[in-house]
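Only one chain comes next, encoded as structure tokens, the form predicted on its own.
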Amino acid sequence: MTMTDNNTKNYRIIFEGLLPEERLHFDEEALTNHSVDETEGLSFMPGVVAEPISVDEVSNLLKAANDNKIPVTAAGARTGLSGGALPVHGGLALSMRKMNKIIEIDEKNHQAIIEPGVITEVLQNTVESKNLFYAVDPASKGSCTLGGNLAENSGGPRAVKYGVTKDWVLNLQVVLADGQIIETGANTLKNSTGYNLTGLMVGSEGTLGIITRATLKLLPLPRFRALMWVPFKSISDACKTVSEIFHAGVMPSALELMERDALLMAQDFTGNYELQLDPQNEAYLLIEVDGFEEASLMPQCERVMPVLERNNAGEVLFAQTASEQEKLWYLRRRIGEAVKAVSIYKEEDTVVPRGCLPELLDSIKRIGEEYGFRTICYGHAGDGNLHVNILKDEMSEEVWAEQIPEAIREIFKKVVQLGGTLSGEHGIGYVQKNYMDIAISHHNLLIQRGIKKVMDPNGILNPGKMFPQLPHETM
């Protein structure tokens, strides 16, 4: 189908009056700001930017857009890495940033009711002050919004023990494409009443509806943490260590893998060289354990030590104070920005069963040698989620455009062969949609497209995302 082109005059007629003029933007600065996210090198200009502050305003905007077949792309902080918030077909950019209230912290039932524009770290800090815990912690937690986390089913380092966003959601308020408002579940820990629409919405990338409120689970706060910084001369040994830690009966709250080059880039980017990196070490593991009592930490670390010794680990650094731990986490969380500062790059969000990490990493390096590119790998090794950064460096534009997609396809084929899939936490969005056929069968894709058609008959919600374009489609 063909949707309305960006036409400021038409959009003014359609949307003016639905919001106050200070929250409805047609100026070039606002449109340009909402034409990008953190995906490398992509920009698509919307025709209008709207900033609703209530579910009724969202409903009215969607009804008007649906009646006029205008594309709608919701966005929060636009920190995504798959192009999910890019308005690739123009239309209405729906900024949810002003819907940023923490509506209620229910201490008795360990729940939080929030709007989608709340910054993830703001919620974490708010509930922590009440000795409660919200564990989902993406690298951009200080800037990303919970609405974006819900749309992409975000994870983070502590997903290995505490799960990803979907594991924390009880109920959602959602505005459908035609403006209708629904509740997807109930504010209860158990719910076997009908289809799991809550699970369907989380990770749907704004293609099925707009989330305007969420009820999230909380836990009692595990107040104590210990962190182990472990060097390895062999990255293969580091990878093999990961699954063996779990066999030893330890459930880390985080288990991160970093190539030495990734850490060097982070040090150069931040100017922080306090941590000495031995040139002989290829990789490092960051192993965190937590608990409700400080005395519970050391026994967990002690069970890890024999595993490290069997796998030829170097001298282990223990960080027990909050200050020591923050220095290590600071470098880990800045790797993504550091890589971006070094070169144009493409980041793949591969995930495999964690026991397959050694074979995956070997294959990635081999494919890099075959196609002539450098990779920087790091990620959440505890749950098999490896971020693969392919650097352009001095590669020609022609080779970058024509051969790298083939190399990425080879990587994804290996990932699926190992029992994995295309994305662990970044989503499919715009940049990965053409690889969906590798991981998802034709019939499965037809079912998913059918769900999209039922919930969004006119195809206005985040068009051009998640699914490969069919030959007969014009958008």
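These numbers come from a predicted model, not from an experiment. Quick note: we count residues from 1 along the sequence shown, nothing fancier.
In what follows, reference is made to the form predicted together with another copy of the chain, a form of this protein that is not presented.
- Look at 401-409, 262-270, 225-233, 238-246: in the predicted bound form, residues with non-hydrogen atoms within 4.5 angstroms of another copy of the chain sit in 238-246.
- Remark: F292 counts among the residues lining another copy of the chain in the predicted bound form, judged by a heavy atom distance of 4.5 Å or less.
- Under a 4.5 angstroms non-hydrogen atom cutoff, another copy of the chain in the predicted bound form has I451 among its neighbouring residues.
- Using a 4.5 Å cutoff between non-hydrogen atoms, E288 does not count as a contact of another copy of the chain in the predicted bound form.
- The closest heavy atom approach of Q173 to another copy of the chain in the predicted bound form falls outside 4.5 Å.
- For the candidate spot formed by R354, G420 and I440, every residue has a non-hydrogen atom within 4.5 angstroms of another copy of the chain in the predicted bound form.
- Just one of S95, T79, S204, N389 comes within 4.5 Å of another copy of the chain in the predicted bound form, counting any heavy atom, and that one is S204.
- This chain appears without its partner; in the predicted bound form, the one residue of T321, N191, S396, Q280 with a heavy atom within 4.5 Å of another copy of the chain is N191.
- Along 163-198, a non-hydrogen atom within 4.5 Å of another copy of the chain in the predicted bound form is carried by V164, K166, D167, L176, Q180, I182, E183, T184, A186, N187, T188, L189, K190, N191, S192, T193, G194, Y195, N196, L197, in order along the sequence.
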